[in-house]
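Given next, in structure tokens, is a single chain: the form predicted alone.
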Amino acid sequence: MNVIIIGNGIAGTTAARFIRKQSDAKITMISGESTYPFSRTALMYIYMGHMKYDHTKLYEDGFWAKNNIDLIEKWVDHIDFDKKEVLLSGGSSVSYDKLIIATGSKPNKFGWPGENLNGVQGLYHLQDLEKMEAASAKGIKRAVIVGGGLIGVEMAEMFHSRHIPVTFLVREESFWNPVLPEGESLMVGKHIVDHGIDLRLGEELSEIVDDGDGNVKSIKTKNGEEIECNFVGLTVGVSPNVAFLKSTNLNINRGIQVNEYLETNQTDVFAIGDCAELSKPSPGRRPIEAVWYAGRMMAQVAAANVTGKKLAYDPGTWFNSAKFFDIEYQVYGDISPKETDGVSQFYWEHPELPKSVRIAFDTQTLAVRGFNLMGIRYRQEVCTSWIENKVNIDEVMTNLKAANFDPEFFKMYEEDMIKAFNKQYSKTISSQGKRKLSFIRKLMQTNG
């Protein structure tokens, strides 16, 4: 069996490894981005001088030959699904028995005037980092970043590490508030400003101005202000990297449509990672989830199905992690940025430091539903177990220390959280019925 994998990110690489574990198939991984797979999340640390490119490679260079996995460094121009043939840049082609498409994402553009000028780019591929390095070597007087998400924060931190002034345009009135609840959103916004970033909330890009030679001169905002700069980072999200497939018979909506087995409408063709769109996502999950762990889990499922098993994709309990400058962020389960009926959210925030814990739970059953953590780290296996087993909020609060995995000698705040919880709601009562009644009465009093 000849298996071709297009893409060498976390999804493509994991698929290759797991197919090799389960079969002696011929495996070829194709990518025009780099010869060897690397950690995309580490790109910022290369720019900041914490790592070198070689440090980000997922395995030693000899790993691939040792495991009989061939690597081709070329871009894919087209796929002929009838002939089972992948056409590569330069005119060559390779055939397949099974094909896995793992082409990832591309930074969004929304048709702004000047968005294709020199000095305008996103941050996703290795080539994006190389362009940032080249621009920095020439000298960046000011960078403007458009879009208030995780990649925008990464880019701001990168420039901040080299003392390059940054103006950060965020459309929302509070930072990343489509995802973060109010308390965490305000905390992160303040933290960004405290690091010297010119954060402009409620501000949008109108135009990128040409200097007359095809380079960035400045930007104009929708409020009419012109800001001089010679670099513009577009970090307004990503979308599936599937443009080269639009002329084929592959079913594509936003991403490549797949069923629960990650199969496309084409025989022996699978799609995984950021480019895949689930036709019927699990309850509470999105059709496209552009996060590395989802790509890794999809890859393991696709590898099983390629090698003859029939395994459905089950993403399990949602989780993600990131970093806002010095604030580590973790989320497990269901945390809504706004209050919802039938769900209460206990929120504790340190009075001085950028640290907080938010726990969502069902108002009626008291079963815990999700955790939002800022600057305090909790164990994934503990939090997901509590969520999946619908553990009562009182029991969770009693055993909160079991989840904490901050380093030794870090101060623990669980006792402060328990005091705040008891003050906000009610003391734990041994009888479940009385506990519910007492809690609900207290909740009604609290909500007026």
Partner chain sequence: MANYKSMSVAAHHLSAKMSILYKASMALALVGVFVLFSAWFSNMAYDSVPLLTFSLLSMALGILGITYSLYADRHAGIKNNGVWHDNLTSRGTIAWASGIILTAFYVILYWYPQVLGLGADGSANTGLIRLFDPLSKALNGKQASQWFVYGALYTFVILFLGIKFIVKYRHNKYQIYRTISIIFFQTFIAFLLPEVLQSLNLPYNDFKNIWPLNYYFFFDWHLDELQANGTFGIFILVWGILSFLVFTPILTYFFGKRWYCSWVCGCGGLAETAGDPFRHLSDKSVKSWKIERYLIYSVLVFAVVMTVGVLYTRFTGNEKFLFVGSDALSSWYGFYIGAIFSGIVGVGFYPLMGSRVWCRFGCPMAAYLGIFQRKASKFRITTNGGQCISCGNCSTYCEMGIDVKSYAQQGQDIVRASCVGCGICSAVCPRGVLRLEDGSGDIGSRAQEKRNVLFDELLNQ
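What you see is a predicted model, and the numbers here were worked out from it, not measured in a lab. Numbering follows the first chain given and starts at 1.
Keep in mind the form predicted in complex with its partner chain is missing from the figure; the text below concerns it.
*Asks:* Go through Gly370, Pro181, Pro107, Gly189 and name the one with a heavy atom inside 4.5 Å of its partner chain in the model of the complex.
*Replies:* It is Gly189 that has a heavy atom within 4.5 Å of the partner.
*Asks:* So which of Gly196, Gly214, Gly91, Gly284 reaches within 4.5 angstroms of its partner chain in the model of the complex, heavy atom to heavy atom?
*Replies:* None of the other options qualify; the answer is Gly196.
*Asks:* Could you confirm whether Met48 comes within 4.5 Å of its partner chain in the model of the complex, counting heavy atoms only?
*Replies:* Output for Met48 is yes: heavy atoms within 4.5 Å of its partner chain.
*Asks:* Decide whether Phe18 counts as a contact residue for its partner chain in the model of the complex under a heavy atom distance cut-off of 4.5 Å.
*Replies:* It does: once its partner chain is placed as it appears in the model of the complex, Phe18 has a heavy atom within 4.5 Å of it.
*Asks:* Hey, in the model of the complex, is Asp406 touching its partner chain, heavy atoms inside 4.5 Å?
*Replies:* Close contact exists here: in the model of the complex, Asp406 approaches its partner chain to within 4.5 Å, heavy atoms only.
*Asks:* Do His78 and its partner chain come within 4.5 Å of each other in the model of the complex, heavy atoms counted?
*Replies:* Close contact is absent here: in the model of the complex, His78 is far from its partner chain, nothing within 4.5 Å, heavy atoms only.
*Asks:* Is it true that Asp97, Ile252 and Asn265, all three, sit within 4.5 Å of its partner chain in the model of the complex, judged by heavy atoms?
*Replies:* No, because Asp97, Ile252 and Asn265 lack any heavy atom that approaches its partner chain to within 4.5 Å in the model of the complex.
*Asks:* Using a 4.5 Å heavy atom cut-off, indicate which stretch of 391-399, 28-36, 376-384, 416-424 touches its partner chain in the model of the complex.
*Replies:* In the other structure, the partner sits against 376-384.
*Asks:* Note that its partner chain is not shown here; using its position in the model of the complex, name the residues of 313-333 with a heavy atom within 4.5 Å of it, in sequence order.
*Replies:* Stretch hits, in order: Asp314, Phe319, Asn320, Ser321, Ala322, Lys323, Asp326, Glu328, Gln330, Tyr332.
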